[in-house]
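A single chain, nothing else alongside it, follows as structure tokens in the form predicted on its own.
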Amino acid sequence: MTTLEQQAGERLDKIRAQELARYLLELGLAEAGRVVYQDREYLNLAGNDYLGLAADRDLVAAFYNQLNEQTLLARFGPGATGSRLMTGNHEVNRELEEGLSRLYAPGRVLVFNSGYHANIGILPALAKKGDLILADKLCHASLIDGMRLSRARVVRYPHLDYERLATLLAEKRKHYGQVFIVTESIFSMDGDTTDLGRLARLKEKFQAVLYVDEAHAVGLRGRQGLGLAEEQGVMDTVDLLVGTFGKAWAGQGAFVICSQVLREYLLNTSRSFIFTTGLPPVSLSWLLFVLEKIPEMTRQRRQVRQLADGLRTGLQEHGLQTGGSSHIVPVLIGAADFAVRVADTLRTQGFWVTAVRPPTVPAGTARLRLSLTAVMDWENLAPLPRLIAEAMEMRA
């Protein structure tokens, strides 16, 4: 009889043979959008610190300057001591949700421990047997897992194909109790954006529920950095708007903006909210600290946009296949093993680049995912398109 370890080992060998194995590497934070690996600094093009807050020494120092005898436990405590419904709902939770409410919608915010917690908790709580979820085919893993945990029927429409979505709604809406339209606003592997206005109109026409994950847009898009829904003027139309603190906010946790009724319902039914220890006060205090700063970071948002535009232009000039319209700039390579070799070559030249491979992206579409931050400058990025093109020629 084959043991569990033998089965796992055989499966792992297949993963390695396909160049799909993943490994943990110890990286250190450095300033100016850089990371340290084995005593060498690299320009970090694989992270999500979009506004450069995580490694801003002055900002972090200012945050910890608030630490004193009075704030030690209440504001900087390392543990919540329980779930939010038991002993883990501290004053800082309320202040954070109230602060977000002032920006988004009064009294309609619920904070989760992560974007993953939010997506695997909200959809199963709301989408029941007899309901339908229509989701963009490129929605990321946490949304997919949330849909799987729900008892609703799931149909995934072709990426950004609004005509197909309209057809599905026309065909199927009358057969289901609730219909949920689920999408990201900025897609994490392609860097392209959703026309939320079109989805909002379809939602209204067919009396559907619009669920938008703004993980990669919060902090970067909109006048105050509230996301693509703010930029496109549809915040009041999105029924469930999910944002994360783990990217541009350089923190931990996530939130959902919804109606007051839905907030109370999720508080009572979302298993990933109910059955987990709350965020520690120190994490919540950091989020409160940056909450007041992000709406004013117009210059940083403009810098990221200009860098992304310049990089896309450079990639195209070198005949490389790219796309999107955000701070996430993909470079399509194709085969997973080829993408790994190209990324390895770029690392030898001081760029921390990671190959994105199946199952994260479809087979045959392995790519480099170049993620830009506000603390980078064009002088450091300018050689990258040429170096990628040369690496692909050498490795072909």
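Quick caveat, the model's predicted, so the values are computed rather than measured. Throughout, we count residues from 1 along the sequence that is shown.
Just so it is clear, the following notes concern the form predicted together with ligand PLP, a form of the same protein that is not shown.
Here the chain stands by itself, but in the model of the complex one stretch of 113-121, 274-282, 74-82, 88-96, 113-121, has heavy atoms within 4.5 Å of ligand PLP. When ligand PLP is considered in the model of the complex, Ala215 lines it closely, a heavy atom lying within 4.5 Å. With a 4.5 Å cutoff on heavy atoms, Lys247 counts as touching ligand PLP in the model of the complex. At the 4.5 Å threshold, heavy atoms of Thr322 stay clear of ligand PLP in the model of the complex, well away from it.
Taking non-hydrogen atoms only, Gly253 approaches ligand PLP to within 4.5 angstroms in the model of the complex. Shown without its partner, this chain lists Ser188, Ser270, Ser326, Ser150 as candidates; in the model of the complex, only Ser188 has a non-hydrogen atom within 4.5 angstroms of ligand PLP. Scanning Lys293, Arg173, Arg198, His140 against ligand PLP in the model of the complex with a 4.5 Å heavy atom cut-off leaves one residue, His140.
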